[in-house]
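Consider the single chain below, provided in structure tokens and representing the form predicted on its own.
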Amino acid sequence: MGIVNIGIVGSGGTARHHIERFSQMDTAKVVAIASRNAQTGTALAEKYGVEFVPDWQALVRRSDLDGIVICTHNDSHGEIAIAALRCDKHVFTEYPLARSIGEGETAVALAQANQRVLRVSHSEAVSHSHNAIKQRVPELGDLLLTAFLRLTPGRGARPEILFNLPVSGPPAHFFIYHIYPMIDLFGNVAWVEGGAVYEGLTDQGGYNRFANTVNVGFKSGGIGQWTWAGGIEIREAEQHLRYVLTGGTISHSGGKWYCSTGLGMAEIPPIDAPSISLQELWVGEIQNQETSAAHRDAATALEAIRVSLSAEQSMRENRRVVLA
């Protein structure tokens, strides 16, 4: 395949980021942008000299496009991805994969059946640090515990739609990029428990601050824990991450990864390999008709939303959710 022709759905900051990346590539060309916001959509299309389409359904049906990039709110990712895959398009979607597990399952199944490249914007696929950890983990024995904590202050700009349960899902869902790497490292999950506290929750699902926890049991053994609190009274954001295995503990500090044992601590350096962006990876997979890695990573993205959305079910039903 020659140049990959792309349609983008969305006209916010993420769409601008993607069109800028693709415009720098000789192997890809953005042909059209679809957006429900005609003002921002038209402005973005005019800036980059591409066509504006007000209807994303019409965009995904176009025969002159090879791939669709989805940059919309969380609640529409799955619907657009499914429609594009049914029109035989390759798909790059922002995380999370979908707002429902059923939509995620359908999208992954369509990509596999149609041999289309479905990529979700989890950066681990091109992260030299993550892949160095992935190589190191099997040497450290069995998993005992993964532990993640993120505390975020209330001040600062954030999209209001983010703190919105119907559109963005619970914090575990829009923070899915914290769940994905642990699933990629340690595999699928047997059970999920979730809990949440929301301050200022309205009938429309908006809120001002939150605390959200997710606990899981991995099928291969070991426990995973995630805790987020946002919009809280704290001077600066804090984040702590540990992977505790029988042969050592991996931790992240100061932008670097370390492995600690009873004998001491040593840095885990990133793997030595050429850098590539997710956009370049996706376009290259389309050109080379290489779908295996994308299918594997999409299956991991699906398992990640099984965790976040099963946690939402656990909160709603006040019980542990056992995954089939």
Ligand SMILES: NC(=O)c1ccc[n+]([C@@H]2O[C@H](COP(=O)([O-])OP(=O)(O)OC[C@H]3O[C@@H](n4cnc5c(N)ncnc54)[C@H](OP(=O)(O)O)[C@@H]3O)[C@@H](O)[C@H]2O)c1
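What you see is a predicted model, and the numbers here were worked out from it, not measured in a lab. When you see a residue number, it is the position in the sequence shown, counting from 1.
Omitted from view is the form predicted together with the ligand, to which the following refers.
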Item to complete: Could you tell me if all three of Asn208, Ser308 and Ser314 have a heavy atom no more than 4.5 Å from the ligand in the model of the complex?
Response: no
Item to complete: Would you mind picking out the stretch of 247-255, 93-101, 138-146, 197-205 that comes within 4.5 angstroms of the ligand in the model of the complex, counting non-hydrogen atoms?
Response: 93-101
Worksheet, complete the sentence: Answer key, the ligand contact in the model of the complex at 4.5 Å (heavy atoms) among Thr152, Asn74, Asn212, Asn164: the residue is Asn74
Discussion item. To verify the annotation, which of these, Lys29, Arg36, His295, Arg61, has a non-hydrogen atom within 4.5 Å of the ligand in the model of the complex?
Written reply: Arg36
Discussion item. Check Ser277 for me: does it contact the ligand in the model of the complex (non-hydrogen atoms, 4.5 angstroms)?
Written reply: no
Worksheet item: Would Ser23 show up as a contact with the ligand in the model of the complex if we use heavy atoms at 4.5 Å?
Response: no
Worksheet entry | Residue contact check: Thr40 to the ligand in the model of the complex, 4.5 Å heavy atom | yes
Worksheet item: Which residues, if any, of 248-269 lie within 4.5 Å of the ligand in the model of the complex when only heavy atoms count?
Response: none
